[in-house]
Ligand SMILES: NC(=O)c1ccc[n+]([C@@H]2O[C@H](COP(=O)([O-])OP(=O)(O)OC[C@H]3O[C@@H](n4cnc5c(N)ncnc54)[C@H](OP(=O)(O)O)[C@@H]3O)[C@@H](O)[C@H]2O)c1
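For reference, the chain that follows is the form predicted on its own, supplied as structure tokens.
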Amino acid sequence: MIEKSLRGSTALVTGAGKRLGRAVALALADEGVNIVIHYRSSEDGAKGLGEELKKKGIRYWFIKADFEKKEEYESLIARAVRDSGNLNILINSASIFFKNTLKDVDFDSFTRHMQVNAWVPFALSREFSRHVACGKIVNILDARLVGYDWAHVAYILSKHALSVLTRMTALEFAPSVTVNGVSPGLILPPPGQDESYLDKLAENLPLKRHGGPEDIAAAVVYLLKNDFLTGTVINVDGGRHLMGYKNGPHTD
């Protein structure tokens, strides 16, 4: 395989101010990619990322957009192109993640997760494909697509939708735009939990350990460097996708 250099490209990374979005932005910067930093409420995190990118000698721009406001997300690609002058890569990382079960999930939570986690990434991808002559999209999915997430029903359904859209858009946007995905497993603990939360769950994985944000970032970089991949999803989950789930609520 001949890897393509990403140096000089420009990437819009949604949710870049924290967690996986931040890790992906930093990894792309190490490859010489300029970054359009999208954030909603994590302004401090976005500014902190900007300082790190500045030290790496990378150009960067800030764009704020609330994915629950149509007028803000529908203009996001156009604003990114206007500010940066060029756009080659789209990383759909931003998402929401709230607890609900089959017993208590309601319509508002369902539609909210669907909008932020599936519809907006699709809308951005479609607009991206219209603006660029040649480009690459990577969607951040979830390892629990193999099985279920009984504690976050609206969330996992939205990620299932994004997974299907990843394959559909890979066909629709070819050959000028590639669309791939990365499914993280035990990478970061939920807010309010520490690493011991991951250590306990990792005992059930084939590799008996959890990963880190750098593992996800490396997978994203790999997909971007390979020009002959589209519609591919990489499971970065310590082998979790090989195990499936029982026919009932999972222990996590």
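Since the model is a prediction, treat every value here as computed from it, not as a measurement. Position 1 is the first residue in the sequence shown; the rest follow in order.
The same protein also has a form predicted in complex with the ligand, omitted here; what follows describes it.
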Note to self: If we define contact as a non-hydrogen atom of the residue within 4.5 angstroms of the partner, is residue 18 a contact of the ligand in the predicted bound form?
What the structure shows: yes
Margin query: I'd like to know whether residue 199 contacts the ligand in the predicted bound form, with contact meaning heavy atoms within 4.5 angstroms.
Written below: no
Check: Might residue 140 be said to contact the ligand in the predicted bound form, defining contact as any heavy atom within 4.5 Å?
Finding: yes
Margin query: Taking any heavy atom pair closer than or equal to 4.5 Å as contact, tell me whether residue 41 reaches the ligand in the predicted bound form.
Written below: yes
Check: So which of 53, 223, 188, 27 reaches within 4.5 angstroms of the ligand in the predicted bound form, heavy atom to heavy atom?
Finding: 188
Next item on the list: Only one of 77, 94, 154, 179 comes within 4.5 Å of the ligand in the predicted bound form by heavy atoms, so just point that one out.
Entry: 94
Next item on the list: Would you mind picking out the stretch of 223 to 231, 180 to 188, 201 to 209, 54 to 62 that comes within 4.5 angstroms of the ligand in the predicted bound form, counting non-hydrogen atoms?
Entry: 180 to 188
